[in-house]
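Here we start with a single chain on its own, the form predicted alone, put down as structure tokens.
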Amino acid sequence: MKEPTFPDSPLADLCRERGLKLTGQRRTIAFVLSDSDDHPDVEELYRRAVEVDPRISIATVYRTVRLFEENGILQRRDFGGGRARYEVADGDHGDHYHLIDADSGKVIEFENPELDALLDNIVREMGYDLVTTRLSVVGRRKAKPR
């Protein structure tokens, strides 16, 4: 079976910047992660990667995710539900927040300049400079009025 080819992905670029060797399977996993608009767990990432390259094993995905995390390429997120999820940890992504749907578990990213300013003020009042934020809130969609 021929190895799949992909256009370069932002995550593959980060790997190169950090000096990681990009094997074919790592390139596949990097492509799948870069193409994700959600926060997949390892098993979901494996399902997506196998669709691209059936030779990838779950062990390879676990090792690659750990390697990417150790090298600051991925960030582990815990949104509850007992499974770690991952997102690209590039500096261009910026500070953002996560709204978790209490019923579906769906994670929605959002930015809010007013919240940024509020958190910065709180931290400054405590005698610190804000470096980064990690904020997750859980909400339930309001029922539509009848």
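As the structure is a computational prediction, the values presented were derived from the model and not from experiment. Numbering starts at 1 and follows the sequence shown. In this text, rigid core is short for the largest set of C-alphas that superpose within 1.5 Å between two forms.
Missing here is the form predicted together with another copy of the chain; even so, the following discussion is about that form.
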If contact means any heavy atom within 4.5 Å, which of 40 to 48, 27 to 35, 54 to 62, 109 to 117 contacts another copy of the chain in the predicted bound form? 109 to 117
Any non-hydrogen atom of residue 138 within 4.5 angstroms of another copy of the chain in the predicted bound form: yes
Consider residue 127 of the chain shown here, and say whether it contacts another copy of the chain in the predicted bound form, taking contact as heavy atoms within 4.5 Å. yes
With heavy atoms only and a cut-off of 4.5 Å, decide whether residue 23 touches another copy of the chain in the predicted bound form. no
Considering non-hydrogen atoms and a 4.5 Å limit, does another copy of the chain approach residue 78 in the predicted bound form? yes
So that I can tell if residue 102 moves, could you say whether its C-alpha shifts by at least 2 Å between the shown form and the other one after the core superposition? yes
Core-aligned, is the CA shift for residue 136 between the shown form and the other one 2 angstroms or more? no
Per the comparison in the predicted bound form, the residue 68 and residue 132 C-alpha atoms (change 3 Å or more) are positioned closer
Considering a change of 3 Å or more, are the Cα atoms of residue 50 and residue 104 closer or farther in the predicted bound form than here? farther
